[in-house]
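A lone chain, given as structure tokens: the form predicted alone.
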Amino acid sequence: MNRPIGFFDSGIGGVSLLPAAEALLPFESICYIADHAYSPYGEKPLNVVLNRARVITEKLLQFNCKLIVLACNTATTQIIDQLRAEFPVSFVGIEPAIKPAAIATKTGKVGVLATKGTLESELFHQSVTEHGSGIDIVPQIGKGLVTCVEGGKREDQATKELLKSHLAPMIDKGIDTLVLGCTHYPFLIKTIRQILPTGVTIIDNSQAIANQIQRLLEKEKKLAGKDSVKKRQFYSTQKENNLGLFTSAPVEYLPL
């Protein structure tokens, strides 16, 4: 039986990781839980995020998931070590891509657009210390952007104006590289490119996450075979949601 890879996020954001993962691992089944009932995690207290992550991890294990992707920068930077200590399953987390940005930048000026929780986390500051030496990191809280994506308003004028207000301080500092530090933000790339100066490199973690999933499954000898029956299951913890706008698979209500 092809046991699924579990993904969870506070909402739609983690879906942005799926194209790269499914391209690299075409035979793997996916089980995705969007915790819309408690979205967004970036504005929730640490104890709330941890408790929700525990509940959803337990449900994904009940669904027989062989590996879990914590598809949320906020949750990864704050609680993934706790989850790894508590649960008998491998986790893949996601955090702002400071290292590849430091390699990519030519001017030494890197913008990081992320949630408040991510930018204030110890893991983020460790990453900056470890990989950002000699680099001018320009952080910016993307307040309100998760709500824009969740509301299906990716290309609305109000969303564009909000993005302009967030990107302006980084543009003024002369960044040549922008790190998208939230899995919701890749859904805004089209609009972001319209605002950024020509030549600014945009970096997200989707390919790196896909590579890490593959490495772990190979290490644990859990890769799906070519004859596996692939399934794609999507759930939301809230009845009213827009997850269906981002996937062709049916979305089921999962009260947790």
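Each residue number is its position in the shown sequence, starting from 1. Just so it is clear, the model here is predicted, and its values are computed rather than measured.
Just so you know, the form predicted together with D-glutamic acid exists too; it's not on screen, but the next bit is about it.
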item: Contact stretch among 244 to 252, 21 to 29, 8 to 16, 231 to 239 - heavy atom within 4.5 Å of D-glutamic acid in the model of the complex; value: 8 to 16
item: Contact of residue 175 with D-glutamic acid in the model of the complex (heavy atom, 4.5 Å); value: no
item: Exercise: residue 182 in contact with D-glutamic acid in the model of the complex, heavy atom 4.5 Å; value: yes
item: Residue 79 within 4.5 Å of D-glutamic acid in the model of the complex, heavy atoms; value: no
item: Exercise: residue 110 in contact with D-glutamic acid in the model of the complex, heavy atom 4.5 Å; value: no
item: Partner contacts for 73 to 96, taking D-glutamic acid in the model of the complex and a 4.5 Å heavy atom cut-off; value: 73, 74
